[in-house]
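Here's a solo chain for you in structure tokens, the form predicted alone.
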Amino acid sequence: MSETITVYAPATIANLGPGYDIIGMAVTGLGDRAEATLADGSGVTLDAITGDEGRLPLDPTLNTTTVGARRALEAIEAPAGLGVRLTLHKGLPLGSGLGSSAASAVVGAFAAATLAGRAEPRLNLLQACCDAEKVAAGVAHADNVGPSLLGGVVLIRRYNPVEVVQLPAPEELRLVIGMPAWSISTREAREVLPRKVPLSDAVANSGNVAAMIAGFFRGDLELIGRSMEDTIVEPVRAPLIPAFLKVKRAAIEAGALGCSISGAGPACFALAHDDATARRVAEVMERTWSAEGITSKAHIGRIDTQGARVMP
């Protein structure tokens, strides 16, 4: 056995403002890769990791890539004796808020299933990927895993078992991601969340989530942008991201349709209706952080509608 493939899984923006843990989208131009090779004998091994500065474990029981591969083989009932060797190439920074652990889980699961000749339907791999991500995050973030695996914009109807609904992805929507040069752990970001919320805040977020979904189905970019308002999670996580409110204000003033925190942060995202506006928003986000003495870089992309795939 010597067949080798390279699989790619895109970065994701989760929560989308008020859609905490239930809405996410995949982003073009950022993601993780894994090389996978069929091997004699059963089991999944991880030969090497690049791009992680030595921070991730090679132990196959502790790495989301290998756990994803193993769970996927179990889910598709792969033939006994099928082995997979993996090399993970991290294109996403750890603790960035861009679904790094989810993308790693997805490349492992999709690669293993593809080598076994059973990559479709992808929904069969979704629970395996969620189970794998728990290894790194402690909980499953289906709003990261779902769009990284399936592509597009994904709504999580429920967890345990996970059930998703794919939403239309407007081609003209531009995504601007501002990435400051530090990290926040998901556990740290979850510790600041309120255990109880006022009914008025819950109602406000529910209205915005419903309007956002309507905006995706109608292709109404203005409505999607207005619906990014979050009254529950963003206010308590904003202090974890230096100058976030200044960056958000600058992005809106530069023409962004909406702006919020990507996942647990510290990455922030803004929406724009065309390339020129996206470039202007990216520039002011970087400039605003720089004025605060903070190094950052901005990425401009679109919604990645492909999700996980085998690279040519």
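Residue indices: 1-based, along the sequence shown. Fair warning: this is a prediction, and the values are worked out from it, not measured in the lab.
Separately, the form predicted in complex with a small molecule exists; it is not shown, and the next lines address it.
Participant: Counting any heavy atom within 4.5 Å as contact, can you tell me which stretch out of 49-57, 26-34, 275-283, 256-264 lines the small molecule in the predicted bound form?
Facilitator: This holds for exactly one stretch, 256-264.
Participant: Name the residue from R226, H89, R122, R190 that puts a heavy atom within 4.5 Å of the small molecule in the predicted bound form.
Facilitator: Exactly one listed residue reaches within 4.5 Å, namely R190.
Participant: With the cut-off set at 4.5 Å between non-hydrogen atoms, does Q127 touch the small molecule in the predicted bound form?
Facilitator: Flag for Q127 set to no.
Participant: At the 4.5 Å heavy atom threshold, is N144 in contact with the small molecule in the predicted bound form?
Facilitator: Yes, contact at 4.5 Å.
Participant: In the predicted bound form, does R237 have a heavy atom within 4.5 Å of the small molecule?
Facilitator: Residue-level check for R237: yes, a contact with the small molecule.
Participant: Are any of the heavy atoms in T186 no more than 4.5 Å from a heavy atom of the small molecule in the predicted bound form?
Facilitator: Looking in the predicted bound form, residue contacts with the small molecule include T186, since a heavy atom lies within 4.5 Å.
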